[in-house]
Structures are given as C-alpha cells and as structure tokens.
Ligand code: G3P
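Below sits a lone chain in structure tokens, taken as the form predicted alone.
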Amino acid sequence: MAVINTPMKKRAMIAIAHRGASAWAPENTVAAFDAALEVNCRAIELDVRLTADGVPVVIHDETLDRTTNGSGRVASTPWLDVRRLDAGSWKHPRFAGTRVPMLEEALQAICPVARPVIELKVAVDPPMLIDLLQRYGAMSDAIILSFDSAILQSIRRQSPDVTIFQLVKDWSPQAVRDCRQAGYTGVVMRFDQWALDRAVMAKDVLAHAWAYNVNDPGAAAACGAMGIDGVITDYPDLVRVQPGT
C-alpha cells in the first residue's frame, strides 16, 4: 500500500447534527434541533420536501409512514393534513404531539445559533428558498446539499453567494472536479467511501470534505486523521468543540 505524505490543510473538524440530534429525539423536528443546540452543536442538517400544495416541509422519507402516524406520499398530501400528524410518538411517548415542521419553522429554531445545512430531496422554488434564508439572516451561514446537481444548479443560478455542497453516492475523482467546475464549495460522501488519498485529492480541489453516517468515536477519529473537516452524525456531541474554533 502506498504511503501518502501530502500535507493536509489543518481545519477543525465539526459535527453536523444529522436531522437534528436524531439519536435522542425524533428526526427532523424542532425537538431534535433543540436537542442539538443544547450540546452546542454548530451545524444542523435537515431534509426538505414539498407537500401537495407546495409547502416546504422538513421530512426525510418520500412517504409519511415511518416517522409519523400518517401514510402516503408527502408530495400527495396537503400541508394542513401533514400538520395534523404526530411525528414524535414513534421515537418515544414523551414526544407525542410533535409535528412535522415547515422549513421556515426549522430556520426559526436553528438560526442564528447554528448553521442550517439543508438537504433538498426535491426541487424547490429557488427565489422562495433564497427569500427564506435572507429573512432569517442565514444567507452567509446556510449550506445547501443535494444528490441532484440539477437542483443545486437551479439554486446557484438564483444566487451566486449561497454555499453549496454536492452529495456523492460513489467516489470518483471526476465527481470532485465536477463540483469545482460547478462552483460548489464542498463534497459530502458516506464514511465508508472515504480514504486518505481521496480526502487529500478532495481537499486539494475543494474547501471542504464531509462524511456522513459517522456515529461512533472511532469513525470520527478516522475522519479527523484523513483531514475530513465535517462529520454528519446522529450524536452531535461526538466531536468536541475546540475553544476558539
């Protein structure tokens, strides 16, 4: 095995709360965002979909079945019907009555204490998204993610200033170069897709390289050793915040 001695840019690694503190509270809810803020988490990831009437809501799955007491596709359900659902009891009875939040409510909960890291599961209206970010003073802090580059490019055309990271399913050097060409700031991959040489290459091309599915101290330590500067984790206290970072 080749030993790579390429110097790495030193950057403090941060924890990004995956759907909020989803190990402790129902994912993608204000309760999960509050739990992340309670341990001084500086960045909170959330997922956005649209209801049948075009309201941006914070939910991961295409359907309501797993994380609410409802059923059916989010995209086929009007907002008021989504609002009536219980999005907390599946996690623990103490969260009974927790609701699926609108994106605006999520931003109210997160900003300006932490950075909102918004994964777009579907295409949203770019002016609407930019307006929300501006309304909550999050234009300089927000990070927009998606696996779909077409979605990201629509946001980039609306605003050259918003920070965009590309989610990548499988490693390839070309994917990283494409991120740079598209004007994105970072690349995000599953933890098991990263290796030292890949991290070196990514950090030579882009400002940031993040990993997701990082839920134990060993994985976090491995990310730090590779030079990964952000880990998306269900446990936002996994990475201790260093003074002055």
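What you are looking at is a predicted structure, and each value in this text was computed from that prediction instead of being measured. Don't overthink the numbering: it's just position in the shown sequence, from 1.
This next part talks about the form predicted in complex with this ligand, which is not shown.
- Using a 4.5 Å cutoff between non-hydrogen atoms, Ile232 counts as a contact of this ligand in the predicted bound form.
- Mapping the unseen interface onto this chain, Ala138 falls outside it, with no heavy atom inside 4.5 Å of this ligand in the predicted bound form.
- By the criterion of a heavy atom within 4.5 Å, Ala114 is excluded from the residues contacting this ligand in the predicted bound form.
- Among residues of the shown chain, Leu167 is one whose heavy atoms approach this ligand to within 4.5 Å in the predicted bound form.
- Per the 4.5 Å heavy atom criterion, this ligand in the predicted bound form is contacted by stretch 43-51, the sole one of 215-223, 43-51, 191-199, 174-182.
- Here is the short version: of Arg156, Lys91, Arg83, Lys121, the single residue with a heavy atom within 4.5 Å of this ligand in the predicted bound form is Lys121.
- Only one of Ala142, Val74, Leu145, Ala106 lies close to this ligand in the predicted bound form, with a heavy atom inside 4.5 Å, and it is Leu145.
- Heavy atoms closer than or equal to 4.5 Å to this ligand in the predicted bound form belong, across 53-91, to one residue only: His60.
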